[in-house]
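Starting off, we have a lone chain in the form predicted on its own, written out as structure tokens.
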């Protein structure tokens, strides 16, 4: 398998990893076939994500994509995250081999779930 230099950099130096105290929202994504899991925590101010943290369990690409996904989410309007798709997440690491594309699904699902959680908590 060939991975991009951007993916390798995120894997070696993940950004925003760890828990968040008192998040405004949390969400999870999972890939049942291998057990990969990502959990995202969001802090939102005035409808925009101001801080993101993540925890993940899984293969190297899932860790790297979670790191890149946390950067994608930071600073964005919450409405954008409700529509975030796997292709945008995958492009944040300059693509994934076919057998690792599930990493983008896991992360996109987790970020969308966190955005939905925020909306649910505010109703």
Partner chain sequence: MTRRVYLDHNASTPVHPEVIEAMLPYFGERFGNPSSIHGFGREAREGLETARERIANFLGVAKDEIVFTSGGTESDNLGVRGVAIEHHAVLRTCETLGGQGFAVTYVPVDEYGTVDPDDVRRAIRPDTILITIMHANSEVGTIEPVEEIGRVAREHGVPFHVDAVQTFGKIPIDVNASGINLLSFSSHKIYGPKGVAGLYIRKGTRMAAIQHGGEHERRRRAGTENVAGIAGFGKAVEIRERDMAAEAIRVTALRDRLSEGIGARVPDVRVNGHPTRRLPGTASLCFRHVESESIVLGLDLKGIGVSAGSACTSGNVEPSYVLVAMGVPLDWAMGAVRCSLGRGTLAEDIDYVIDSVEPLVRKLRAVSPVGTA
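Residue numbers count along the first chain shown, from 1. Model, not experiment: these values are computed from the prediction.
Unshown form predicted together with the partner chain; subsequent notes refer to it.
**Q** With the partner left out here, check for me: in the model of the complex, does some heavy atom of residue 14 sit within 4.5 Å of the partner chain?
**A** The answer is yes: residue 14 has a heavy atom within 4.5 Å of the partner chain.
**Q** Indicate whether the partner chain has at least one heavy atom within 4.5 Å of a heavy atom of residue 119 in the model of the complex.
**A** No, no contact at 4.5 Å.
**Q** Using a 4.5 angstroms cut-off on non-hydrogen atoms, would residue 43 count as touching the partner chain in the model of the complex?
**A** Contact check for residue 43: no, nothing within 4.5 Å of the partner chain in the model of the complex.
**Q** Taking the partner chain as it sits in the model of the complex, is residue 37 in contact with it (heavy atom to heavy atom, 4.5 Å or less)?
**A** Residue 37: contacts the partner chain in the model of the complex.
**Q** Give me the residue from 72, 84, 78, 59 that has a heavy atom within 4.5 Å of the partner chain in the model of the complex.
**A** Of 72, 84, 78, 59, the residue with a heavy atom within 4.5 Å of the partner chain in the model of the complex is 59.
**Q** Which residues from 79-106 come close to the partner chain in the model of the complex, meaning a heavy atom within 4.5 Å?
**A** If the 4.5 Å heavy-atom criterion is applied to the partner chain in the model of the complex, 79-106 yields 99, 100, 102.
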